[in-house]
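Structure 1 and structure 2, given next as structure tokens, are two forms of the same protein chain, each shown alone.
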Structure 1
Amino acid sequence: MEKVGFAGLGLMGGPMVMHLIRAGLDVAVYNRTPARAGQHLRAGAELCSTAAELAGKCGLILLCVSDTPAVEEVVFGPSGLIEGAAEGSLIVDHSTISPSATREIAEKLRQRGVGFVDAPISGGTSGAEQGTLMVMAGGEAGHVERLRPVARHYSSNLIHIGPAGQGQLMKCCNQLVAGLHVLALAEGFRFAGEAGLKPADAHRVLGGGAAGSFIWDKWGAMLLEGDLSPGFKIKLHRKDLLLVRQECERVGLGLPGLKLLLELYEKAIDRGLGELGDQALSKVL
């Protein structure tokens, strides 16, 4: 199997690449802060000092960084992937970034003979650690199939959505719907508490019926325990909602729930809750 490169050893990328190393794949890594690669090197990965060097050594390069500028930097910036990538290599972006920018990146790489798949992930840090992420992939079918045998080590579900950018669009849709479910959780708990119900009763009773959701279930249980730690951070969810708004503006769509969500996420960040989990949104109502 071809050598696999991974750029971006953050909260998601770090555990993802560990699965590849443990599975015995030939892995090289690159991170802007090399110190974060300690456990990966001890487990047998090779460290590259630039993205260009990583791309020069690997036919398949995965990346997982924070936002659109970070992806553009690691691909096209100084000593970026594009400087080392051979014709026929494939770059897979697991970050959540702009669908429009993604289409442009894919096209620029195509002109250089380099394949690109946008492959944002869902499942949070626990999904990354357990290797059960959902991957929403946009790009050519052949490229997605080339990713599949590698991704199975950190993903239980890789779905090919459509052409370049469609993975990111699906992730946008996911973040919009999940965000509105967070709002439902926040208002439901607040109402229960203020109106004189026990929130634990509301959580148990409503979860089994028409008001049930993944988020009501999981993050509701955390809220009940007073656990505001991040499965998914408020500041990251807000970043993703800004991508949704950008896409809405592109197609001339106004969504009032999205508008309200963005106001509430802003408020949460203003109050210093940005590093907490989504369930902390209940604190701003």
Structure 2
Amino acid sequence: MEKVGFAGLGLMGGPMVMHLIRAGLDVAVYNRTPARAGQHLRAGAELCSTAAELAGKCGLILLCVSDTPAVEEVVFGPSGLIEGAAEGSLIVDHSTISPSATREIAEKLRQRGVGFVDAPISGGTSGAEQGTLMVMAGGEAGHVERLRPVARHYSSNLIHIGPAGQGQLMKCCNQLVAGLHVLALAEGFRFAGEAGLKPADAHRVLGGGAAGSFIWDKWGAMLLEGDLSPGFKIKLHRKDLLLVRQECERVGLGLPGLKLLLELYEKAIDRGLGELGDQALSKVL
């Protein structure tokens, strides 16, 4: 199998790379903060000093960074991937970014003979650590199939949604629904507490019926323990919801739930909760 490069060793990317290394793949990594690569180097990965160097050594390059500007910087910035990527190489973006920007990136790379797949992921840090992420892929079918044998090491499912940008559109849909589940968790716990119910009982009972969900089960359990550490950060979810709003504006769609979510996430960030997990939205209520 070809050498695999990975740029971005954060809460999601770091564990994903470890799955690739443990699977015996030949892996090179790049991160703006090289110190984060310590465990990966000890496990056998090669460290590159620039994104261009990474692309020069790998035919398949994966990246997972924070937002649209970060992706554009890694791909097209000084010493970016495009400077080292050979014709026929494939860049796969596991970040969550603007669908319209994604289509532009894909076209620019196509003109340089480089393939591109937008492949945002869902499942939080626990999914990254357990290797059970959902991958929503947009791009040419051949490019998606080239990714599939690699992605199976950190994901439980990869679905080809359609052409470039469609993966990011599906992730927008995912983040909208996930945000509404977070609100349901926060309000459910608030109602239980104020009505005289034990939140632990509510968590157990509702989780066993129609109200149950990954967020209710996983983050509800953390909320019961007072654990507000991020499976997904509030500030990043707000960033994703803004992408959803942009797409709604593009197609002329009004969603009252989205409007409410953005108001609550803004309040959470104003109160200094942005670095905490989504379950900390309960603090706003």
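Source: prediction; values computed, not measured. Reference numbering: structure 1, starting with residue 1. If you superpose the two forms and keep the largest set of C-alpha atoms that fall within 1.5 Å, you have the rigid core.
Shown as structure 1 is the form predicted together with a further copy of the same chain, with the alternative form given as structure 2. Hinge assignment between structures 1 and 2, options L62, H237, C172, S89: the residue at the boundary between rigid parts is C172. Superposition of the larger rigid part on its C-alpha atoms leaves the smaller part rotated by 9 degrees between structures 1 and 2. Taking the core as the reference frame, the CA atom of G188 shifts 3.0 angstrom between structures 1 and 2.
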